[in-house]
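Below, in C-alpha cells: the form predicted on its own, a single chain.
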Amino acid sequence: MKAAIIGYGKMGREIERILSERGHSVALVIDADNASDLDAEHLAGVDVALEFSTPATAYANIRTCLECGTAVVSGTTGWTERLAELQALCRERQGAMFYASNFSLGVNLLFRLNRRLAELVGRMGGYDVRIEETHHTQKKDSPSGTAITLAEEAIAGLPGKSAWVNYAPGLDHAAHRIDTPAEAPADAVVIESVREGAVPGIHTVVYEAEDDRLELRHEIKNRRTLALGAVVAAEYLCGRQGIYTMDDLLR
C-alpha cells in the first residue's frame, strides 16, 4: 500500500513508523510548510491518505483527496459539523472515506458499552450522566471528538437529554462553553474538559443516581494504539468504495 500522511505532528510520525513496520510505503507527507503539494499531481499513485491535521484544515484536506480520487482515512476532530458535506461528496464521486473520532479499539468498545448502558438507564430512569475528558495541553479542540461521541450516544438513549455543553476551565476556544456546571440546562449532558501535561487521553462516563454511581473509563497509554488503528483502517479501506466507520471495521 502506498500511503500519504497529511499532518506530520506526533500522530503523523507514529503512523509513519507503523506503516513501515507493516510493509507499506509513504509516498507523500504533507504538513504546514508544503500544504500546496496536496494536489492531484502529488496524490497520483497514492492508495490511501491518512489525514490527522487540525480542525482548521481537515475539511479542505479531505475534500481535496476525494476530488482527486484518493481514498482517505481521517481522525481529526473539532470540525465535524461539515462531515455530512464530505460524505455526500464521497458518494457523488464514488470515492472512499473512513472517519472516526478515535481509532483505539478500547475506545470503540467503550462506545458500544456506553450506548447499551444509556439504553438501559433510559428505560429505568433515575440517573443523570456527565462526561469527563483529559488530554495534553497541545490538543487544539475542546471537547474532544471522543467525548462528543460519548455524549451524543448517551443523549440518544436518555429521553431527558437533548444536547451537550462543555465546562472547560481556562479553554476559551471550547465549543458550547459554560462557565460553571451549575449553568447547564437540565436536558444537557455536561462534558468537563481538562488539559494537562502530556496525557494522551482519558475519558470517563459517569451515570449517577441518589444512591449509587456507575462509571465507564478508558485511558490511552500512548499514541501507538491510535496510530495502529488508523493504519489498520487504511488497510481495510484500500480498494473499497463507500463511507466507513470503526463499526464497519470491528464487524
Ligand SMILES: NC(=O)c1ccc[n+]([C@@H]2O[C@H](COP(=O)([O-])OP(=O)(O)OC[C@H]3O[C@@H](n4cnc5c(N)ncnc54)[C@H](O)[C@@H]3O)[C@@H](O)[C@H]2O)c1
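Residue positions are given as counts along the sequence shown, with the first one as 1. None of the values given here were measured: they were computed from a predicted structure.
Beyond what is shown, the protein has a form predicted together with the ligand; the following relates to that form.
A.B. asks: Since the chain is shown here on its own, which stretch among 114 to 122, 76 to 84, 153 to 161, 176 to 184 would lie within 4.5 Å of the ligand in the predicted bound form, judged by heavy atoms?
C.D. replies: Answer to the contact question: 76 to 84.
A.B. asks: Does any heavy atom of S101 come within 4.5 Å of a heavy atom of the ligand in the predicted bound form?
C.D. replies: Within the cut-off, so yes.
A.B. asks: Closest heavy atom of T204 to the ligand in the predicted bound form, within 4.5 Å or not?
C.D. replies: Outside the cut-off, so no.
A.B. asks: Could you tell me if G9 has a non-hydrogen atom within 4.5 Å of the ligand in the predicted bound form?
C.D. replies: Result yes; G9 sits at the interface with the ligand in the predicted bound form.
A.B. asks: Residue-level question: is S193 within 4.5 Å of the ligand in the predicted bound form, judged on heavy atoms?
C.D. replies: Output for S193 is no: heavy atoms all beyond 4.5 Å of the ligand.
A.B. asks: To verify the annotation, which of these, E215, D37, D31, E219, has a non-hydrogen atom within 4.5 Å of the ligand in the predicted bound form?
C.D. replies: Exactly one residue meets the criterion: D31.
A.B. asks: Which residues in 184 to 211 have a heavy atom within 4.5 Å of the ligand in the predicted bound form?
C.D. replies: Contacts from 184 to 211: none.
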